[in-house]
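Take a look at this single chain, the form predicted on its own, given in structure tokens.
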């Protein structure tokens, strides 16, 4: 029995009565489209709606979530996995009662994990499931191995796209590459598109329709339209101050729009797909993918 199989078996043995967190993976085809900003502000708005939210910053090397919040964490996921730190040590407190975890190099080191580390990681991840109602994973941008692995392992994905032609083409390239992966099962992943930096809701819908027409014609990937966030100068102002626009400018058009998206997500149940829920389930899939290489 390989290590990935061991982890899956451990997860199956957990009590079905234990509540697992809802895991939402946020990604994009290219950088600079506002993906991390959406992750942070979505977390804040979901927290305001009564959810316990933790962000996992899986954008290795760039630490965009840290920059958005103006907070530098002391420890990362790698410290939990390989350096003896406890879960409470690596969760950094953010605004509006959200927490966030820096991924560090932890994900890249999964292929070297031992049986005892698998047992330890599973136990800690189940602890994380109990500490949060929602875990938002902010991936890197583009068609990198780590991004594709996270999206393939996820059951609920938010795809951020802007009207820029490069954003549209890169989003399609991401979906096309994902579609070609033998491990990707379209029926097990719900992909919801967010149109960001649009001038109107009509433009947002047109953006989705444009991309979805090509996706439906050439790919087996299924997309849904989640909603839109308008072009808003307050977003740039907030980034410059290293504060989330939801807290700095609560009445700004962008803040109201991200609240609507959070409200839609909170009022919709976790997608019914054929995957193991919770952050432990996602990491089980992630390890399985890595060990197949």
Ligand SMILES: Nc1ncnc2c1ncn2[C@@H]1O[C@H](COP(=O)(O)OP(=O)(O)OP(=O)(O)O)[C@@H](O)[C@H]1O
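Source: prediction; values computed, not measured. Numbering follows the first chain given and starts at 1.
From this point on, the text means the form predicted together with this ligand, which you will not see here.
Contact with this ligand in the predicted bound form, judged as any non-hydrogen atom within 4.5 angstroms, is confined among 70-78, 128-136, 163-171, 195-203 to 195-203.
Under a 4.5 angstroms non-hydrogen atom cutoff, this ligand in the predicted bound form has residue 236 among its neighbouring residues.
In the predicted bound form, at least one heavy atom of residue 37 sits within 4.5 Å of this ligand.
At the 4.5 Å threshold, heavy atoms of residue 141 reach this ligand in the predicted bound form. By the criterion of a heavy atom within 4.5 Å, residue 232 is counted among the residues contacting this ligand in the predicted bound form. Proximity to this ligand in the predicted bound form, taken as a non-hydrogen atom within 4.5 angstroms, holds for one residue of 58, 265, 33, 54, which is 33.
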